[in-house]
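First, one chain by itself: the form predicted on its own, in structure tokens.
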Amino acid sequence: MLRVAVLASGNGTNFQALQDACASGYVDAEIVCVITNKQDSGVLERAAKAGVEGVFVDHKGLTREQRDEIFLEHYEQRAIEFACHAGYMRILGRPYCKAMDGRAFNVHPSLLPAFAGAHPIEDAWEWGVKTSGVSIHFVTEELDAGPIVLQRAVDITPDDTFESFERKIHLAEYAIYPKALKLFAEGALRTEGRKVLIERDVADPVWAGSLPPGLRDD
């Protein structure tokens, strides 16, 4: 069973989707810990409710390399094999990216390379595009530029509001992030340069297109 850490800074909705995927048996993995840089983050509450260890690492006063070292020490202590970045709003450095090369995913709410950066949903909406979406990619030192594992398009229709568009983006995240982790856990991915090849596909989680179980009471 794959031992996974999740990095997050916010409410932890993508953590919840990943946790539901693991707890249900959809992914043969266990989320061992959640690491956050915000002591009052919602993801810590979600982790506690799920019985997952929460770890607060204050980024203030630390260099990027010092923070990398702390993260990697936490991984080593818990025998972490893989990391899922799920809205962790700090840039990780070269030591971390080198150590986790090929063993960490990030979720980005756009069809990369379009709308990289910190506000992709807002940027796509304001640009007036007809289609945006979600990307799952391997973590690299270059921000939002790692090899792409999965993408899912989300159309912006004439009757969409920003809020309805944002909701569609999040529903796509909750479907394809667990699917990407399942593909990795089953050894179904192969990387050739920048291309990630899916050697055998897997089904979406059963909640695809709707909220995962742990978010239905929010």
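Here the structure is a predicted model, which means the values were calculated and not measured. Just count from 1 along the sequence shown to find any residue number.
One more form of this protein exists, namely the form predicted in complex with a further copy of the same chain; it is left out here, but the text below deals with it.
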**OP:** Could you confirm whether G102 comes within 4.5 Å of a further copy of the same chain in the predicted complex, counting heavy atoms only?
**Re:** no
Original post:
Would L44 count as touching a further copy of the same chain in the predicted complex under a 4.5 Å heavy atom rule?
Top reply: no
**OP:** Consider K168 of the chain shown here, and say whether it contacts a further copy of the same chain in the predicted complex, taking contact as heavy atoms within 4.5 Å.
**Re:** no
Original post:
Heavy atoms within 4.5 Å of a further copy of the same chain in the predicted complex: does E141 have any?
Top reply: no
Subject >> Complete contact of V55, G61 and Y88 with a further copy of the same chain in the predicted complex (any heavy atom, 4.5 Å) >> reply: no
**OP:** Please determine, with the chain shown alone, which of 62-70, 147-155, 28-36, 45-53 has non-hydrogen atoms within 4.5 Å of a further copy of the same chain in the predicted complex.
**Re:** 147-155
Original post:
What residues, if any, in 109-132 have a non-hydrogen atom within 4.5 angstroms of a further copy of the same chain in the predicted complex?
Top reply: L111, L112, P113, A114, F115, W125, E126, W127, G128, V129, K130, T131
